[in-house]
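Quick heads-up: the structure tokens below are two forms of one chain, split into structure 1 and structure 2.
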Structure 1
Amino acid sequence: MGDKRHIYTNKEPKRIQKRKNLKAVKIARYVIVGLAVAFALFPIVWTVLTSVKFPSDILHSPPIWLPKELTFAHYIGVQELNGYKSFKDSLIIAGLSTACVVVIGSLAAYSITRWKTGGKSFPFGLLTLRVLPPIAVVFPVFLFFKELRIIDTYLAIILMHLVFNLPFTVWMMRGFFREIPQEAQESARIDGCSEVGVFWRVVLPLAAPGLIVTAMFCFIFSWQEYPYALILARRRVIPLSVFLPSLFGQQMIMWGEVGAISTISMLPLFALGILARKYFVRGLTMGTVK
């Protein structure tokens, strides 16, 4: 019994020490997470702030953290620079190219999954198309499109975005189609459904969530894309990513307008990103890691 008491007296400090350690770990974790969040948010917040600061507050040394007065003049300035037309262009390009790519890509993905069209390495071969440097890819395309006289049209940029989103779509949809049980398709066939009917009535509805997620990502990628648009856009069609650098051509940089257009460009993506949160990793890695 004496032994036991000895052990117990020894134990109390240890228990307290352990709690303290746990607490320290907890605090350290919150500090790190806090720093990471601050680091991630700061530039975004700064951009949004810049868009509502008066020019004199933007170009102020030392920088002003919280402006006393706010202005929305830059958002009006963007209008004068035709910035909202660029927003519309981006919407048209991202929207149309997404709609096309989802239809075309799903068909191919279905053919590849159900009938193994093109063999085993075909989908992977498609995927490699995506990782090639855009500048290297777009160069011959530019020459080709020039011959076709379609530079500076929606068609040119949509086509190009279609090309770079197609491998992604095929790869993603193939993953979603593979998850649909073969039995569902076979029982539909036995019930007298045609192959096209199986695809349209059974497979597509079942893969609808995947289809929506894939479409979201295609939209995001198209919206973000810069190098292809830079080369294929001129005067008539100017998506946001190309419009923004044009604000730097003048002698004076219009930081307020830059902030405003940046803020506007982020909004649809943040909204989509939060909606597609669950599928984020799958989209980013094309399903290689779930």
Structure 2
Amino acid sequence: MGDKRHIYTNKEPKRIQKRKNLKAVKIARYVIVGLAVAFALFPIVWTVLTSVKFPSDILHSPPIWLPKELTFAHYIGVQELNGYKSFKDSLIIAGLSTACVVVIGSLAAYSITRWKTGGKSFPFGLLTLRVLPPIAVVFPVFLFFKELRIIDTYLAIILMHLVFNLPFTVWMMRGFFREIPQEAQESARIDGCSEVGVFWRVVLPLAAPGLIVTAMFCFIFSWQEYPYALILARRRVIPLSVFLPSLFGQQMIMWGEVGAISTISMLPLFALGILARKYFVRGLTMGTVK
């Protein structure tokens, strides 16, 4: 009995120490995650606060973290500078280019997956076009579009964003389509579905998470794209990526308006992330594990 009691008393401190270590590790994880979240959210919070500060508070030294009074004059100033029109232009360009690239890229990816279109090296060769620097083609494209008389139009920028995002979309959707079981597709064909029916009724629903994630990335790429928009935009069409740098003058920077338009420009991305959050993790992991 004495030996068993002695063994128990020797093991008890080890168990207590193990629990303390696990608790310390758990606390350390929470601290690290909290610091990472604070580091990531600080620029966003600072931008939002800047948009509602008075100019004297924005330029105050030391910085005023939380203003005593709020103002929405900078949002009115953005309206006077046609900032909301730029917001509308960016929505039209990013939305239409994303819709077009997802439709065309999905069909191309299914063709490559189903019939090995272009051979084995074609998908990788297509992906290399994605890493081509925009500056290498932007000036020939400008001259070409100038001859077509579509400079400073939605069509010109949408076409370039379509070409820019298409290789990425094909590569992503090809990986998602390859994960879909062939048995499900063959069963649909046996039941009398045409190839279009198989693609629409079987393949697309099963690849929906990947399709949504790919569309999100394409929208973000198009939303923040700068070189093509800078060269192809003039007065009638001015995306946010071109409008925002115009607020940084040589003698004065309109910090309040910069904060206001930056806050507004983040709203579609946040809304898109919230609406597609349940598909995001599944879409990112599709095609990685067989």
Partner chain sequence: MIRLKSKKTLPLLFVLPTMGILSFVTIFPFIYAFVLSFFQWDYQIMGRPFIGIQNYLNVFQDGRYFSALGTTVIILSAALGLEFMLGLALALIFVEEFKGRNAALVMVVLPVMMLPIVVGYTWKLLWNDQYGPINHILTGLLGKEINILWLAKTPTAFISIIVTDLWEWTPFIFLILLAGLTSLSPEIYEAAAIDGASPWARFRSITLPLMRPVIGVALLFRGLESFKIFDIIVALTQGAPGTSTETISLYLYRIGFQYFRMGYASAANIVLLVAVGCFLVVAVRLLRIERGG
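Whichever C-alpha set is largest while still superposing within 1.5 Å between the two forms counts as the rigid core. Numbers given to residues start at 1 and step along the sequence of structure 1. Computed from a predicted structure; not experimentally measured.
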Which depiction, structure 1 or structure 2, is to be taken as the form predicted in complex with its partner chain?
1
At the hinge separating the two rigid parts between structures 1 and 2 sits, of S241, T98, Y228, M173, the option S241
Could you tell me the angle, in degrees, through which the smaller rigid part rotates relative to the larger one between structures 1 and 2?
11
How much does the C-alpha of A28 move between structures 1 and 2, in Å, when the core is lined up?
8.6
Angstrom displacement of the CA atom of V45 between structures 1 and 2, core fixed:
4.0
